[in-house]
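The form predicted on its own is given below as one chain in C-alpha cells.
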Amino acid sequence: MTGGSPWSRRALAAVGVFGLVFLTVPLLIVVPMSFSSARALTFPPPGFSLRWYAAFFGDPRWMDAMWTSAALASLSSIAALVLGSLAAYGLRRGSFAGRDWAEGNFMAPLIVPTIIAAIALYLGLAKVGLLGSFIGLVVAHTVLNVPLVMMVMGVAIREFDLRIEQVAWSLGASWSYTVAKVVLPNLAPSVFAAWIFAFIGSFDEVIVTSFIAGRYETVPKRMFNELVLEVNPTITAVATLLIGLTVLALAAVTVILGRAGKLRPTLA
C-alpha cells in the first residue's frame, strides 16, 4: 500500500512491531530457562546447565513420545501431501458443478474450531473401530493437514502454465505421466513446502491427539499431561527443541521457495 498519511503508516508499523514483540517475548523467557541450573523454574536463570536436556534424552518415556510423534507426523504428512495435492489439482484444473462447495468442504478443518473437529473425529473413529489406534491417529492428522497442503499446492498449480501440460498431452503423454514427469518436477519446491507445513502441523497437534490417541503418547500430549500434574522444568527443554525444529523447517522452506522464485524468470 503506497497511499495513506505518514501517521497511518507509522501506526501500522507500530502495531506490527508490537505483535512481533508480543509473540517473541515468551521465547525469550522459555529458551534461557531451558539452560538453567536451577532445580525449579526460575527466571532469570542462576547459571548455565544442560541438565534438563539430559533429563529429556535420558527419559525413555520422552523418547517413546518423540518416536511416536516422528512416525505419526511422517506418515500423516505424506498421506496429506498425496491427497491434498490431488484435490488441489482437481479443483484447479477441473470444471464441474459444486466445485466451490467441494473446496469449502476441504477447507472446513481450518475453519471449524479444533475441539469440534476432535469430537467429530472421536465419534467417527469410534464407529469404525479405530479409536485409540495408531492408524486412527494417522487418519485424523491427515484430515487436519490436507487443507494446509491444498492451500500451498492450489496456489502453485494455479500459477503453473496449463499449456505445458497440454503440450505433453498432445505428444501422447498420459495424465499420470504428465503429472509425474512434467507437473511435479516443476512444482517440487511447493511440494516440499506443503510437506513441511503438514509435518509440523502434525508434530505440534495436541487437542485432537488427546481425544483419540488412547494409550499412544506424542510429545505435545505428554507436555500437556506433565503440565497438568506438575510444572517440570524438562518441558522448557522440550519446548526449545520444538521451537528450533519449527524455525529450521520454516527457514528451509523460505530458502527453497526463494531459490525457486529466482529460477522462474530464467525459465520463462
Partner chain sequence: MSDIRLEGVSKRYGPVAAADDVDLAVAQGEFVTILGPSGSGKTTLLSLIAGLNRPTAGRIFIGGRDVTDAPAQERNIGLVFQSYALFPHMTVLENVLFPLGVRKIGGAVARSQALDALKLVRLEGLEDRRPSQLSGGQQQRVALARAIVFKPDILLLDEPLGALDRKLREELQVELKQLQRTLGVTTILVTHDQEEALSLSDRIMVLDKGRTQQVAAPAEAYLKPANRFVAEFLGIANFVGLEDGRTGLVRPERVRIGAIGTAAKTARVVEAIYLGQMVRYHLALENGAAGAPMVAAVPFVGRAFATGERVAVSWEAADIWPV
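Positions refer to the first chain, counted from 1. Since we're looking at a predicted model, the values are computed, not measured.
The same protein has a further form, the form predicted in complex with the partner chain, not shown here; the description that follows concerns it.
Participant: Have a look at 75-83, 105-113, 142-150, 161-169 and name the one stretch with heavy atoms inside 4.5 Å of the partner chain in the predicted bound form.
Facilitator: Residues of 161-169 come within 4.5 Å of the partner.
Participant: Tell me, out of Ile157, Ala118, Ala173, Val191, which residue has a non-hydrogen atom within 4.5 angstroms of the partner chain in the predicted bound form.
Facilitator: By the 4.5 Å criterion, the partner-contacting residue is Ala173.
Participant: Report the residue, out of Ile196, Leu130, Leu91, Val182, that has at least one non-hydrogen atom within 4.5 angstroms of the partner chain in the predicted bound form.
Facilitator: Comparing distances to the partner chain in the predicted bound form, the residue within 4.5 Å is Val182.
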